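Take a look at this single chain in structure tokens; it is the form predicted on its own.
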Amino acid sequence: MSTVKVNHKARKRAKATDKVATVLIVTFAMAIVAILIGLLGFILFRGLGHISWSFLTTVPQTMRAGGGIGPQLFNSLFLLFLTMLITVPLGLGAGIYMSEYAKPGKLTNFIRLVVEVLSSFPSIVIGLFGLLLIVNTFNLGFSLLSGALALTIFNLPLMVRITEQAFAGVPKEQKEAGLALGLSKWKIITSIMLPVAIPSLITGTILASGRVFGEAAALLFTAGMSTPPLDFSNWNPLSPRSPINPLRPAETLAVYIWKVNSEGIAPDATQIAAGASAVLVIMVLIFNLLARFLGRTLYRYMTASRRMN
């Protein structure tokens, strides 16, 4: 009798604990969603009214009202392209090596430790390192390429860790099936493991891209705080006025927002900063949606899920 009562009390206590834990988890989740919606709503409410085609395509004004963000918007997108062009292959290669080729041991553990330490470095430190090494020692000057290399240092640990975890998360049975069919290790990686890992890799790419869009501190010391007059009819990458010249200085949208907020003297500096912030948020949201759509399409195309649907 006493044993039945004890079991009944234990079940009631477990149910009560489960209810409390569920309420806490749901509360925390809703709080995060509310903070995110509030933040997005505040930025978009302040900035959407200032966005127009003229605002997106014209050059900024220092003293007069009515300036735009055209060059800064293009610089942000081009810098994202350059950074991901360097970061993704390096991150994928290093992550695949750490997951599939590196032998467990002190050396591998040390490399993982270095990657984790590097990922925790403040962006301002990465910027100063880029100023000393990339800008001055390599003599690349304040340029898009210097900024892309600094952001690669910033984002590479994230891509390596996510790639390693994505490949480590592939079911062991799928890898063993490839070995049983006599496939080479590289064939197993590219044909079996890579398609399964694609959703996680897309997530890592989105996270890295978001840091590129929003980064300002590291770019102050590498990409610079100015943009030369751009000629969008000149697509010679060696021309100083060409938009696609990677060796020209480039002020990105995040840097411009910081500069306008801190030292802007235009009469509508506050509205410009609010509009530019809204554009930056919208860019990140659109990029996330496009990247997720591309990831789902690639996953369906490269795996059997396409035939099952």
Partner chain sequence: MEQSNTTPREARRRAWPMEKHRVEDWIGKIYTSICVVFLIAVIISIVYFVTSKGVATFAVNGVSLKEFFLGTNWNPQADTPSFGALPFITGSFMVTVLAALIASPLSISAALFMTEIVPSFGKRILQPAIELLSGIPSVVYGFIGLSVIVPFLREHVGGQGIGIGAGALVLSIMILPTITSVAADALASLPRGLREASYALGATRWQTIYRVVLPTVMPALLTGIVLGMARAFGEALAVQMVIGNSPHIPTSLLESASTLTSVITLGMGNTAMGSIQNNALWSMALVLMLMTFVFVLIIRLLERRNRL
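Rigid core (definition): largest C-alpha set, two forms, superposition within 1.5 Å. Positions refer to the first chain, counted from 1. The structure displayed is predicted, hence computed values, not measured ones.
One more form of this protein should be noted, the form predicted in complex with the partner chain, which is absent from this view; the next part is about it.
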- Item | Stretch from 82 to 90, 67 to 75, 193 to 201, 233 to 241 whose residues place a heavy atom within 4.5 Å of the partner chain in the predicted bound form | 82 to 90
- Message: If the cut-off is 4.5 angstroms on heavy atoms, which of these, I162, A216, L140, V170, is the one near the partner chain in the predicted bound form?
- Response: A216
- Item | Any non-hydrogen atom of V281 within 4.5 angstroms of the partner chain in the predicted bound form | yes
- Message: Using a 4.5 angstroms cut-off on non-hydrogen atoms, would L145 count as touching the partner chain in the predicted bound form?
- Response: no
- Task: Answer with yes or no whether Q61 is in contact with the partner chain in the predicted bound form, where contact means some heavy atom within 4.5 Å.
- Result: no
- Message: T297 versus the partner chain, in the predicted bound form: is there a non-hydrogen atom within 4.5 Å?
- Response: no
- Item | Heavy atom contacts to the partner chain in the predicted bound form at 4.5 Å, residues of 274 to 291 in sequence order | A274, S277, L280, V281, V284, L285, N288
- Message: When the rigid core is used for the superposition, does G49 move between the shown form and the other one (threshold: C-alpha shift of 2 Å or more)?
- Response: no
- Answer yes if the CA of I244 moves 2 Å or more between the shown form and the other one after aligning the rigid core, and no otherwise. no
